[in-house]
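Form predicted on its own, single chain, as structure tokens, below.
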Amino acid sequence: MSINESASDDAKDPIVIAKNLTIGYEEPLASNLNLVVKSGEIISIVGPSGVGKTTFLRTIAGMVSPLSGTIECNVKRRGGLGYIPQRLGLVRHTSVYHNVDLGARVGVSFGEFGLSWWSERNKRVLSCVEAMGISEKIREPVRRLSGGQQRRVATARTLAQRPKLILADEFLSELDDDNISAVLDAVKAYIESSGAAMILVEHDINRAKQVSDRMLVIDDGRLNPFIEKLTIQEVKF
């Protein structure tokens, strides 16, 4: 078994399998990346700035082609993957409701719900907005919200989609401790109930510890298990 593969829950289905992956653009940022992520797991990727953490997420998402190696992502092409980028990708001039509904539209199939399609979408939007603690802002344009509130909107949008894989890039930044706890509780509850998996990039080691089943570090161009004894200075954050 790879050192990056969980030793427990062997019967769970793999959602992401990366083998001997080299990532980057014209030049490699990191190489020989091997990773298996199974249903129900939450994995944090940590490491110094500029080593390829975001590029790794974008490669898993199919937004960047690997320079070599293979990446297998066992989710539906539409709706199965939820991505929360650093810049969030919100429609800033429209309401919180509209933005979260964009996720629900992807995740709710008319063929599955028929005439109750709109009702199911609406239910998902209201539930996810409430879980993020922003119900009172639901009719507000996103541009009027604080940075932390916008991050909660982006998370609600992804949860409304109900993906099997969530990729999140620094999605906890700009949140205070109380809101971090609320967001993490909602995300972990979704992962546990749905059997989805999550890979997140996080610069704050303590935050990563709060949410992760495993922490991996990209340093010196390699992906390795995060060792508890490493200090922030030793991983050059």
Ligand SMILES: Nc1ncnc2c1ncn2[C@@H]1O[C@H](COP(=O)(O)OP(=O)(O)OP(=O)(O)O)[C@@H](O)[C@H]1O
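It should be emphasised that the depicted structure is a prediction, and the values quoted were computed from it without experimental measurement. Throughout, we count residues from 1 along the sequence that is shown.
From this point on, the text means the form predicted together with the named molecule, which you will not see here.
Quiz prompt | Single option in 55, 194, 34, 173 placed near the named molecule in the predicted complex, where near means a heavy atom within 4.5 Å | solution = It is 55.
Quiz item: Of these, 135, 146, 86, 94, which has a heavy atom no more than 4.5 Å from the named molecule in the predicted complex?
Solution: None of the others qualify; the residue that does is 86.
Exercise. Determine which one of 182-190, 66-74, 204-212, 44-52 lies within 4.5 Å of the named molecule in the predicted complex, judging by heavy atom distances; exactly one does.
Key: In the other structure, the partner sits against 44-52.
Quiz item: Could you tell me if residue 29 has a non-hydrogen atom within 4.5 Å of the named molecule in the predicted complex?
Solution: Residue 29 belongs to the contact set for the named molecule.
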